[in-house]
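One chain comes next, on its own, written as structure tokens: the form predicted on its own.
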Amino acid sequence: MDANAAVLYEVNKPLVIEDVEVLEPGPHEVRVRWAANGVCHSDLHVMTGDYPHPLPVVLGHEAAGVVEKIGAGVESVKPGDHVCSSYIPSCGKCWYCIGGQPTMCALRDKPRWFMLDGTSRFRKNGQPLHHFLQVSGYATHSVLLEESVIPIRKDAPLDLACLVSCGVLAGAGPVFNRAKVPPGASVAVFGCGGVGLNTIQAARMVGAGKIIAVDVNPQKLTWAEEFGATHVVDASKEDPVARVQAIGGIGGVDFAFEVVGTQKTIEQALASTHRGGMCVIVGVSPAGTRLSIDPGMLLQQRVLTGSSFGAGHQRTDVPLLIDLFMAGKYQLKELVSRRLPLKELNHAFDLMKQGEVKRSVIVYE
């Protein structure tokens, strides 16, 4: 069958929106008709070459849609089911999954730009196109591993549920799962875009006492206050480390979350914690990024760690966050600044780079 898709042929060139062929799903594979896909910075990293990836590739990884067809052996979903994508698959059988770390699943060790048999389900003029994270949500249809789709309730709006497939869980999960922030704790969030706003929102939900938002964009700091920040720091006008330390007291905050992915902001976030504090890296860094850290900071029992896809159990965390939204306890509508058709995807990335949106969503008819 044919699908309309956004294909990246060259780095630092616009995406090409064109029709491609989608092959039938193989054993343990699922074909999904996508309803919506969020516009995420991780795709931009591929477009700029900061994250090297085989080309050409159909991008997109923050998607929600409806199962159309299943291959032999698929048991967890059936045609008509509503699903979110999981850009990190979870097999439920490997050492990591059995040990309670499904976001570290051994399937991550296989090339993520093809299916498990080493071939693509996309073709253009008879030539294969690469998948992105085995999702490729910037297409009206794509084929995924059964392990890469998460069933969700059918009454949830798909143009909002898609956000949970990456930005929402990636931002909120570190608060719940990695740091396990307790009520009353002090928190600093470096980077208040579409992911960081979820970190702030989650910190508010668990009852953090001080939630300090740090950014260089005044608009993003305003958004941060709307999502629960108690203090804001404009890093373009003052030293963010000194300011966070002053607000946090006792030499810094209990927990700092870095949601940008640069050497500077990671080092600042770590420095903003007090002795015994924790810094969680959430932002994706360009390939080759290195840190310069005084080991003495770690000898003072600071913890520097990271989080992948929320650091929890994606197959239960995604439905849980959607349930919270449907119960009026989590903000998703407020995260969406723009809805655009696939043909305007390049414009959507321009809006992201200009800092004009919390999150844009690509919607399919």
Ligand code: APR
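None of these values were measured; they are calculated from a predicted model. When you see a residue number, it is the position in the sequence shown, counting from 1.
Quick note: we don't show the form predicted in complex with the ligand, though the next part is all about it.
Colleague: Out of 138-146, 102-110, 187-195, 244-252, where are the residues with a heavy atom within 4.5 Å of the ligand in the predicted bound form?
Modeller: After filtering at 4.5 Å, what remains is 187-195.
Colleague: Closest heavy atom of residue 134 to the ligand in the predicted bound form, within 4.5 Å or not?
Modeller: Taking the distances in the predicted bound form, the answer for residue 134 is no, it never comes within 4.5 Å of the ligand.
Colleague: Quick check on residue 259: any heavy atom within 4.5 Å of the ligand in the predicted bound form?
Modeller: Close contact exists here: in the predicted bound form, residue 259 approaches the ligand to within 4.5 Å, heavy atoms only.
Colleague: How about residue 120: is it within 4.5 Å of the ligand in the predicted bound form, going by heavy atoms?
Modeller: So residue 120 does not count as contacting the ligand.
Colleague: Taking the ligand as it sits in the predicted bound form, is residue 265 near enough to touch it, meaning that at least one heavy atom pair lies within 4.5 angstroms?
Modeller: Answer yes; at least one heavy atom of residue 265 falls within 4.5 Å of the ligand in the predicted bound form.
Colleague: Could you spot which one of 15, 22, 352, 342 gets a heavy atom to within 4.5 Å of the ligand in the predicted bound form?
Modeller: Here the answer is residue option 352.
Colleague: Using a 4.5 Å cut on heavy atoms, which of 94, 216, 278, 152 is close to the ligand in the predicted bound form?
Modeller: It is 216 that has a heavy atom within 4.5 Å of the partner.
Colleague: Give, in sequence order, every residue of 270-284 that has a heavy atom within 4.5 Å of the ligand in the predicted bound form, or say none if there are no such residues.
Modeller: Residues within 4.5 Å: 282, 283, 284.
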